[in-house]
Structures are given as C-alpha cells and as structure tokens.
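Next up is one chain by itself, shown in structure tokens, the form predicted alone.
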Amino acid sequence: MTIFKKTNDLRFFLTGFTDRTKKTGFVPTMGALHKGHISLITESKKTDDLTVCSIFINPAQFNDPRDFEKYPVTIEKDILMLEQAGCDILFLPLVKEIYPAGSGQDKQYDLGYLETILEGRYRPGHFQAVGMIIDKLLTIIHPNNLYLGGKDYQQCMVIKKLLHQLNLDKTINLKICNTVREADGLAMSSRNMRLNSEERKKASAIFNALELLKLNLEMGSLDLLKEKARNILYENAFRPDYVEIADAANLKIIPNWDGKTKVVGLIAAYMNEVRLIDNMPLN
C-alpha cells in the first residue's frame, strides 16, 4: 500500500492510472477503522482495479469542539488493517492540505429537506461540511465507485443528492453497503471505542429498540410504538435525540403507516458523552 499525504502527489499518481478499462474504488473514512470499514475495502477489491481509502478527521463536521478533540485516532492500527485488507492507496492529508484557507464553508449545497430533520436538526451545518469534504475528495480522486456504510443512512442520502447536484451521478457509482454489527447487534462505529465496559454492555439497547420497531410495526399511528422504543433506551441509560420512522425512499417522517410504504427506523442517542446512531429497514 502506498501512502500519500499531498494532494498533488496523489493527483499525479492517479493521472498515470488512465487506462479506461480499469476502475478505481474509493472509501472515505475518518479513521479509527473497524470491520465495517474493512468490509467496504473488501467490496471495492471485488470490483475495482485500484482501491483508494482516505483517512481525514474533518473538523468542519463537528458541532462540538470537545467531540472533535475526543475523536479516536488510531493511525498505526488503521494502516495495518488497510494493508492486511489489500488496500492499494491511502490518502492521509493534514487539515491544511484540504483547507489551505481554513475550514470555513467555501461552498453551499442545496440539500433541501434532508438537512432540516434528524441529524440535520440536531447537528446544524453538519451535512454542509460532509458535502464540502466529499466534493473536495472526489475532485482529487475521481473514482468510478464510491463505497459508503449503510449505518449513516441519512448521510448516504445526502451524498446521493450531492452527486446528482454536482452532475457526478453519471460517472460515479454510489454503492451503499450493509451495516456490520457486533455479536449483540450494536452497529460497528468508531465512537464505540469511547464507551467504557459498563456503557458497552448497555449499548446494544439501541439495536434492541430498532428490533422492537421492526417486530411490532403495524398500520396506523406509530406514536405508541416509538414511545416503547424510547423506553428501552431510557431503561439502559440512553438519552435519545430522536426515535423516528421514516419513508425509506426520501426520509420523510411518517406519523401513520399505510401498511405498504417501505420504512426505516432511525435512532440517535447519547450514552453519557458518546452519541451513537443506527437504523434498520422495518419492512
């Protein structure tokens, strides 16, 4: 695996990779890698001739500076995992390489309804920052295939909208891969590393709450069902930001289900200082 820290060096290398019969796969990450990230590398290796991974902890995505400071950094372990997975290229830039003029928003993206609900509501400006870094990385790497984990459901929808807005959806194939889970159902996440042993034991409640939504989904009002899911979280020391059921196609919140619409359950909740998110298709 070759590591690039400079944008121009990576661009120069990729320019030489010009055979149109060859494909490049790209996996953007913020490091603290786990099996979920590696599953994306594995998917790329099945399809692409060159697999590129980036590790960049994007400061613009963090609403709380303390959250940014506490985000786990495990670069040596990450490099070893990527090498063992057969990743070809690691892009490992410093902040000044990505934001030479500072990390202020230099572009605005029309994300519409998606940045006003759920994560957009609780983390204002977050998805603009996601759009900015993805825009920058895609401009550098020009992949054929972009691999994202399904755990960040709303973010995947935002990036899909971004690709269309940037007129890249015809040249970049977005591949959303299944969430990888621990044995007790907890979705693998870099933030799990911040949980202590007692918190980790309780953290699977977020999966159990989603399972309850799935197993008890019925036509009509969904208020009582969501309340029961919230109670599972409360009983296990979670403080939920939201427990919602939404249209899987557009993420519109559904207060009453018609028995036909494909829906997804979405949860964000704090375990003390650690905020976890997860989702599950319900039907």
Ligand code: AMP
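We number the residues from 1 along the sequence you see. Because the structure is a prediction, the values reported are computed rather than measured.
Keep in mind that the form predicted together with the ligand is missing from the display, and what follows is about it.
- Of the candidates Leu217, Met30, Ala248, Ile254, Met30 is the one whose heavy atoms come within 4.5 Å of the ligand in the model of the complex; the others do not.
- In summary, among the residues Val180, Leu168, Ile117, Leu195, the only one with a non-hydrogen atom within 4.5 Å of the ligand in the model of the complex is Val180.
- Candidate site formed by Ser39, Leu148 and Met188: every one of these residues places a non-hydrogen atom within 4.5 angstroms of the ligand in the model of the complex.
- Using a 4.5 angstroms limit between non-hydrogen atoms, Asp78 is distant from the ligand in the model of the complex.
- By the criterion of a heavy atom within 4.5 Å, Gln154 is excluded from the residues contacting the ligand in the model of the complex.
- By the criterion of a heavy atom within 4.5 Å, Tyr122 is excluded from the residues contacting the ligand in the model of the complex.
- In the model of the complex, the ligand stays beyond 4.5 Å of every heavy atom belonging to Tyr99.
- Partner proximity in the model of the complex, defined as non-hydrogen atoms within 4.5 angstroms of the ligand, places exactly one of 206-214, 171-179, 106-114, 81-89 at the interface: 171-179.
- Along 46-75, a non-hydrogen atom within 4.5 Å of the ligand in the model of the complex is carried only by Tyr71.
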